[in-house]
Every structure is written in structure tokens, then in C-alpha cells.
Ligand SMILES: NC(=O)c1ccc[n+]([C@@H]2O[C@H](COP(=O)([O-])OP(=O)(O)OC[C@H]3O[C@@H](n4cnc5c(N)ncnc54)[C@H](O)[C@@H]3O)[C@@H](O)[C@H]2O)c1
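The data below hold one chain only, encoded as C-alpha cells and taken in the form predicted alone.
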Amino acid sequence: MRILVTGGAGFIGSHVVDRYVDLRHEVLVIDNLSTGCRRNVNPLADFEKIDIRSDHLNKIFREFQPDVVNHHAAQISVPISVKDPLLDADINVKGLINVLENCVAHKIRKVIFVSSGGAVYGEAEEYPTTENYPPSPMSPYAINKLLGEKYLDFYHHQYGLQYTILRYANVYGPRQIPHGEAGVVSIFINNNLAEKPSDLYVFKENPEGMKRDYIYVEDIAQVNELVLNRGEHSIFNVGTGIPTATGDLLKEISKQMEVSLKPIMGDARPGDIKRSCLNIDKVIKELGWNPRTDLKDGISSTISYLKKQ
């Protein structure tokens, strides 16, 4: 199969590329390297440095002729989206539309779209939250991820373009950069390595920190394999179903690193939500997928990776 992966030089996208290459698919990575890194790209994958908003995307689609497009390219930071909503919309909406227009023009069979289960549901009353819960996004990032889902549905009905939407929980692991919701894992580890206290943002009524569902990146890569030929016109939550407070996350990381630094407490930032945890019954039932890596083991692997950098 010929697969084009946008954002394939980034943290999550590069692990997905590795999985596809291991399965002997022909893979082309496109990435503007704004947050991705060239060294992340699997040497057996082809690479083009290009922005998803570029008019030259048409040439790449025409020459490569992918069967499937896996769309990981995005502006991933909630605080940045609050500070600069026009930038977030330009990348996460305009960029996606440019990709989808090329998918239609070149008769691509399917798009795998990365959404955010950690953001689009907002302060959900259903907890853990299922795919049927009405989204209530609370940041431009979350709004535009949900809008991306709506555009996919439009392109499906208008042009017959097949898609699968993956609503990720908070993904962490090797190659992670200190941005996005789960970037806190790499931030905490790097701060401990530098013997620098970490900022811990909290709501006053939840001094232990915000609760999040942390999922290891290699488990995410497996889901991206399973939906190559399954899950058409479907949305799947992809997480663990286990909430962890950021204060407890920092304690676990510090324990494994044998570091004792008191965090710097700060108020929750604009766009932050108090808790997020995903119900994953649907992905288990329909795809036979289960997360394999528990948080302690995943943190250990991430610490080992970052120590070598």
C-alpha cells in the first residue's frame, strides 16, 4: 500500500511511519519541520519538506499517488491556539482542507485523521467519555479539531472520500517535544535532568493537578495500522481509560529518576480543562485493540530515551 503521512517527522507521526515501514508499506512523509525533526524520519520512507498549506502539494500527490493519507500534521498546542487562533485555524483548518482537496482530485481511497479526545469533549459530564458524548470544545485548538471532523464528514458525503477519525488521549513517549497536552511528560523529565523545578498548573479546587488519560505512542501506532482497512466512516477514542493527575505524574517521573524537586505551583491557563479521560470500549470491540503499555513502563522508556539525547 502507498501511504502519505503528513507530519511524519513529528513525535507521533514518525512512530506511525515506523509501523507502516515495518509492515512493508511504501511511505512518503511530508513535513515542514516546524516542530518535527528530519532525524525522526525512517530511512526507508521517502521525505518531502513542504507545508500542508502549500499549492505545491498537488504535485506531490500527483507523483506519489497514495492509496491512503494519514494526517498528523497540525498545530498541537492549546496555549498557542488561545494566543494566536488565526494561526491555529490556518494550519488545522486551511491546511486540512488543502489536503482533502488533493485527496479528492487524486482519487485517494481513505484519510486517517487525528483528532483530540483530550480536548474536543471539553469539561465532559460523562466520565470516562464515549464517542457519543456531544463535544464541547473550550479552546481554538479543540474547536478546529472538531471542525476538521465535520469537514471529513462533508467530503465523505459530497465526494465519497472514506475516513477514520482517531480521537487521541494524551500521547507520550520517545521523540516527544515539550508542546501539546501530553508534552508535560517530556517537560517534567527534561526539567529533572536539568535539576530545574517544574511548573504545575492547577485549578484551586484540584490542587493535585488536572487529570488526563496518558497513552504510550507505540500503542497509538498500532491503532493507525488497524484502521488502514477498517473503521470506515467511524470515530474512535484511543486512550487507556485511566485518569492520572499531573501532580501524580510528576511524582512518578521524579521517583523513577530519583529526583526530589518541589514544583512551582501556578493557576490553570486559558483553555485548560479540569479532567479528561476516554472510554475505549468501542475501539476494543470493533478493532480488537487494547493499550499494551502501562504508565510506569512508558515513563521508564521515555526517560531512557531523553537521557540519551
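Since this is a predicted model, take the numbers as computed values, not measurements. For every residue, the number given is its place in the sequence shown, counted from 1.
Keep in mind the form predicted in complex with the ligand is missing from the figure; the text below concerns it.
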Assert contact_stretch over 112 to 120, 192 to 200, 224 to 232, 147 to 155 against the ligand in the model of the complex, heavy atom within 4.5 Å, equals 112 to 120
If the cut-off is 4.5 angstroms on heavy atoms, which of these, Val283, Ile52, Leu28, Leu249, is the one near the ligand in the model of the complex? Ile52
Pick from Thr244, Ser254, Asn42, Thr35: which residue has any heavy atom within 4.5 angstroms of the ligand in the model of the complex? Thr35
With the partner left out of view, is Leu161 within 4.5 angstroms of the ligand in the model of the complex by any non-hydrogen atom? no
Touches the ligand in the model of the complex: Tyr168 (any heavy atom, 4.5 Å): yes
Closest heavy atom of Phe188 to the ligand in the model of the complex, within 4.5 Å or not? no
So in the model of the complex, does Ile76 come within 4.5 Å of the ligand, heavy atom to heavy atom? yes
